[in-house]
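The chain below stands alone and is given as structure tokens, in the form predicted on its own.
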Amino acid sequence: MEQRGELVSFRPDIKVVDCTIRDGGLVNNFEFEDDFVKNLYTANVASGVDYMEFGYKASKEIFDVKEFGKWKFCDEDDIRAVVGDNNTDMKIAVMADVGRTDYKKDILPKKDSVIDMIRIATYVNTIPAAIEMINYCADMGYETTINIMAISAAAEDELDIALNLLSKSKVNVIYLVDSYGSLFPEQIRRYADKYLKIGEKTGKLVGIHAHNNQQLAFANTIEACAIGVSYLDATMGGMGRGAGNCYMELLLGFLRNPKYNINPVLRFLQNRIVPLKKSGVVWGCDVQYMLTGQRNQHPRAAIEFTNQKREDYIDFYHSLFG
């Protein structure tokens, strides 16, 4: 596993992706105030962030629009109300889950949309459907990524087959996703090496999306970065499902690229993230998330534990073996 640069070196190929609204929306049901999203957009532009992910393109046939905030669905008019024609260097992204998106109806041709990138989320067993979505979106004019979720629970041979199939698709970026926050840096390095070798053969870039169950999201992100992963996901204050994600403020403070500016991020944390937490919105690493991460399990049980305001960690721990 060749290291592409020292951790203090400058990497011009790096792209920082802000996922605060999309992953953070899983914490508050996507009920963000309009000013919050506009302030985040302004902060990201001023910070030099490369992509801002607004949320999901979820099916309104599957999900009731009355039960979620607007960023569960990312209608074109709602995004344009924030960004206008987005006359900035930052690009706009949305996520589309395999099987949960009416992509042929809800994803407009690129010429009619302010969105630049469609990020397709899939599991290993739905790769064929994901490739159909990838190729469709690419043909519509979009940049595309594929986020293979829960790879720590996937069989190695199945992952290899999936990566081989994706390498032949029209996808631009293949993402290494630590959905359960269970992976350690040495494991991330091994996975990243596998992804990069596939990518280099077929002209695909590689990204990483890390969760913070064991407080390793930042460490895992920069470990992947060190050997050549170039798309790096992060959120303001680490806001995201359960234990959250790699902290944007940590990442921008680490990167040596002068295009990135941490000051607007700090201002956003002060003015928007701190009040959001004080209002009762909860995310971040805690014992229950650490335990599901150590057990390589989906954090749904830990999320329920948190929602119930439980503190019986020993009982919870033993329930994970059931």
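Residue numbers here begin at 1 and follow the sequence given. All values derive from a computational prediction rather than experimental measurement.
There is another form of this protein, the form predicted together with a further copy of the same chain, and it is not shown here; the text below is about that form.
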Candidate spot Leu216, Leu266 and Val274, all three touching a further copy of the same chain in the predicted complex (heavy atom, 4.5 Å): yes
Give a yes or no for Gln297: in the predicted complex, does one of its heavy atoms lie within 4.5 Å of a heavy atom belonging to a further copy of the same chain? no
With the partner left out of view, is Tyr247 within 4.5 angstroms of a further copy of the same chain in the predicted complex by any non-hydrogen atom? yes
Using the partner position in the predicted complex, report whether Asp157 sits within 4.5 Å of a further copy of the same chain, counting heavy atoms only. no
Is there a heavy atom of Ile107 lying 4.5 Å or less from a heavy atom of a further copy of the same chain in the predicted complex? no
In the predicted complex, segment of 200 to 208, 94 to 102, 184 to 192, 145 to 153 with a heavy atom within 4.5 Å of a further copy of the same chain: 184 to 192
Counting non-hydrogen atoms within 4.5 angstroms of a further copy of the same chain in the predicted complex, say which of Ala46, Val281, Val65, Val287 makes the cut. Val287
Counting any non-hydrogen atom inside 4.5 Å, which residue from Asn212, Thr122, Thr235, Ser179 sits next to a further copy of the same chain in the predicted complex? Asn212
